[in-house]
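Below you will find one chain, with nothing else, as structure tokens; this is the form predicted alone, and questions on how it binds or moves follow later.
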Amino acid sequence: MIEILIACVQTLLLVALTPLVSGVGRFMRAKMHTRKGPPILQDYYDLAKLFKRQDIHTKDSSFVHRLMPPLFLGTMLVLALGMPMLTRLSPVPFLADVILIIYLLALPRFFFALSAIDSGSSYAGVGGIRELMVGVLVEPSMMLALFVAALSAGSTNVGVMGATIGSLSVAHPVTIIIVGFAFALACYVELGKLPYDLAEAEQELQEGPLSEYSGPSLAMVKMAMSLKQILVVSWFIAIFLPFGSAVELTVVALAIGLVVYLVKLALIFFICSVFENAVSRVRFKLLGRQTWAVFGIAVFGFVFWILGI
């Protein structure tokens, strides 16, 4: 019962913090560009305003265009229930399998691209194709890195993998460092930040599929996209940086785990913000040249696992 309560609390906490995390990111980006920028709480105002507006869809769209926003947000909430955040182990173990997580992340990506094509807008369709291409290029690197980490930990459960690495009892420490680096690079690409993209408005290619959305549907998609970024970072933290998470389900341990999790989350997003503002954009058609390097690092880690290092 306590595990279910923890899962619900951490999910509600993420929903409440999602606009704040994205707002802080926009604020930091503005300061690094020496401009005033929006207030930190601007995303809360935007979401509240969108939920009050009328939900309009194009006349050529089908049920897919209407289904995608709640499906996207619902899938992220399901992932949040099983992701180890405050604790070392997952509060809902059957939702913490890495294979299930990969499939759950692929599901909204598929409908995101499909809804862009379904909208009847050529601009949105190009953005949908871009989203599919990013998935094809990034997911193999993530899967291989996770596969090697699972082999080293002896389990595909995120919590068990994190507990094994956190206890420093993993059999191949060098391998874990290499695949952890590869997974971190793949996660950065998955976040959609520079040099790969920077979605500041609907004129950006990454947000092209959102050009035909409005009202509550647009609010749900924007919230789901920000929630996905936090979950991807949490995924990396749960497996490769589990140190400080609660091992026992006591109030003190959970409070310490919450503080440590928030500190790690803030630090990673700060590093990402600094890096994305120090590089220039790469054309999305040239993205494969860099994702091949990420895949090569993951393969290198697999070779180290075979050698037993």
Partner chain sequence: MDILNLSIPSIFSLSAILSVVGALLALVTGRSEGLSKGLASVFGILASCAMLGVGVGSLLGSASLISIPTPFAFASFSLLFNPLAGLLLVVINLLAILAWIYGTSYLAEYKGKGIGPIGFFMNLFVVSMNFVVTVDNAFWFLVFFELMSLSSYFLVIIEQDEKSTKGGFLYLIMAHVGFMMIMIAFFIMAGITGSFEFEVFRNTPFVPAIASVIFLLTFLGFGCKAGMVPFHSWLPQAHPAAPSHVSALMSGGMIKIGVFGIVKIGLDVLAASGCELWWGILVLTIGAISSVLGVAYALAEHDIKRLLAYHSVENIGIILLGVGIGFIGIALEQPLIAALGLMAGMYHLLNHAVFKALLFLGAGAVLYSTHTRDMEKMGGLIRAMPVTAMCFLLGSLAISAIPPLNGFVSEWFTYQALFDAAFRGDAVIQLFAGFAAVSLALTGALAVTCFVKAYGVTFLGASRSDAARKAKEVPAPMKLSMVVLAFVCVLLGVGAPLVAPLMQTVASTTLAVGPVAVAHNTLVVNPEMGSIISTPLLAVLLIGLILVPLLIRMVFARGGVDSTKEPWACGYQHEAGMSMIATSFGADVQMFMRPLYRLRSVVSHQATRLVVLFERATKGAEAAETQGIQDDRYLADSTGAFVDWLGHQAKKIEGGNYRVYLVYIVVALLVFLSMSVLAY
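Numbering follows the first chain given and starts at 1. No experiment lies behind these values; they were computed from the predicted model shown.
Unshown form predicted in complex with the partner chain; subsequent notes refer to it.
Asker: Is it true that Phe236, Ala266 and Asn277, all three, sit within 4.5 Å of the partner chain in the model of the complex, judged by heavy atoms?
Answerer: No, the whole trio is out of contact, none within 4.5 Å by any heavy atom.
Asker: Thr164 versus the partner chain, in the model of the complex: is there a non-hydrogen atom within 4.5 Å?
Answerer: No, no contact at 4.5 Å.
Asker: Report whether the minimum heavy atom distance between Ser119 and the partner chain in the model of the complex is within 4.5 Å.
Answerer: Ser119: contacts the partner chain in the model of the complex.
Asker: Within a 4.5 Å heavy atom cut-off, is Glu212 in contact with the partner chain in the model of the complex?
Answerer: Although the partner chain is absent here, Glu212 would touch it in the model of the complex, with heavy atoms inside 4.5 Å.
Asker: Although the partner chain is absent from this view, report whether Lys59 comes within 4.5 Å of it in the model of the complex, heavy atoms only.
Answerer: Looking in the model of the complex, residue contacts with the partner chain include Lys59, since a heavy atom lies within 4.5 Å.
Asker: Heavy atom within 4.5 Å of the partner chain in the model of the complex: which of Val170, Val126, Leu191, Leu89?
Answerer: Selected residue: Val126.
Asker: Here the chain is shown alone; which of Phe270, Phe243, Tyr45, Phe51 has a heavy atom within 4.5 Å of the partner chain in the model of the complex?
Answerer: By the 4.5 Å heavy-atom cutoff, the listed residue in contact is Phe51.
Asker: Need the contact residues for 143-174: heavy atom within 4.5 Å of the partner chain in the model of the complex, sequence order, or none if there are none.
Answerer: The stretch 143-174, when checked against the partner chain in the model of the complex, contributes Met143, Leu144, Leu146, Phe147, Ala150, Leu151, Gly154, Ser155, Thr156 at the 4.5 Å heavy-atom cut-off.
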